[in-house]
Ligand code: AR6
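Take a look at this single chain, the form predicted alone, given in structure tokens.
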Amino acid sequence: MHVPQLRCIYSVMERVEGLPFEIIRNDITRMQVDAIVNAANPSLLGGGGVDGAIHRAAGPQLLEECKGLNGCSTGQAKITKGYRLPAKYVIHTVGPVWTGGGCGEKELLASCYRESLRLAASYGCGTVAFPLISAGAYGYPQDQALKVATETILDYLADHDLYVYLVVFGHGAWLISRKLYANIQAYIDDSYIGPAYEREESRRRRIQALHYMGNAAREDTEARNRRDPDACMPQEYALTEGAFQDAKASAQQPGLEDMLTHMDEGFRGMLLRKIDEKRITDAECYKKANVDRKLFNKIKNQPGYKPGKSTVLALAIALELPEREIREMLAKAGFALTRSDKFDVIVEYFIEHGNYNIFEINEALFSFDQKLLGSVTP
């Protein structure tokens, strides 16, 4: 079976700052990670779908090693070398067949993720890529399979340092309910103005402002002439008087040194202050934001470090700040929410509805082919 190469939304190799957990669209056999997970059948001898694609990409040596593993039970996992794959290891796990949800399918599926992660950690893996297990030929409903995967992975990451990727094929509109998708689409239709419209609006506002300034200056001059009999003074004197007024105004303005002394707090200062005000720990903040611990420490301990917009926004949302303070925190980092960016409009939808769940927001962003909170697109 030919597996088409799909657009990878987030690059593993070009990571600058990132999440401990990301949903991406890619071919799992091309993932350059320490281990990829294979949704295998109980024999471990290859099959269709992801299983067949991994065996073909790894080469015949993978099958030979699998023959010595004596199969695998549902919910369990076993590990082999990656052979021709970019990944060093392949972790084989057997997901449950969906029979309606009353035969322990959820517990068995969660076990697939837990056992695979445990095995990856025991082999020193730092990055692991999963397919959406059992959501193909085994018939597990995709939205429910995603919920189990997300909850289990995040529960494991609460106590372990790993980068985990959930690799899906095709469009991700199924990641969220049809009702939510329709509501967000309606919000985008009402709010999104597009970059071309915003550029035109900005140009119109500049022209309007210049016109207003010209009228105001003319009216001010006429008013001064009526009030001041000496207003029609010689031009040379007027220029001298103007220069005097400019010098006087300049003398009353604070100097650079004075301005630097009275600088407002920056993004880093506001972030740390808000963490203290919310009475939460640093770890609680960055984990809720789905931001890597190393990245958070860089923000905290390097005053000159400039994080990306999605990282700043993720931390602001993790703190559950009101919209006004979210905009303030973004501004302190040099960013803003605009109506000309669908990413911004979708995030704004969740803020307005009081939903600060990073993972639900990211599922919606992914469904609309947008970058995720806390991540950096290459």
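Every value quoted in this text rests on a predicted model; they were computed, and no experiment measured them. All residue numbers refer to positions in the sequence shown, first residue = 1.
From this point on, the text means the form predicted in complex with the named molecule, which you will not see here.
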property	result
The named molecule in the predicted complex: contacting segment from 288-296, 84-92, 136-144, 270-278, heavy atom within 4.5 Å	136-144
Single option in Asp34, Asp344, Glu65, Asp27 placed near the named molecule in the predicted complex, where near means a heavy atom within 4.5 Å	Asp27
One residue of Gly334, Pro322, Pro60, Gly48 in contact with the named molecule, assessed in the predicted complex (non-hydrogen atom, 4.5 angstroms)	Gly48
Proximity of Val167 to the named molecule in the predicted complex, heavy atoms at 4.5 Å	yes
Contact label in the predicted complex: Leu132 to the named molecule, heavy atom within 4.5 Å	yes
Distance check, Ser340 to the named molecule in the predicted complex, heavy atom within 4.5 Å	no
Ala53 within 4.5 Å of the named molecule in the predicted complex, heavy atoms	yes
Heavy atom within 4.5 Å of the named molecule in the predicted complex - qualifying residues of 65-96	none
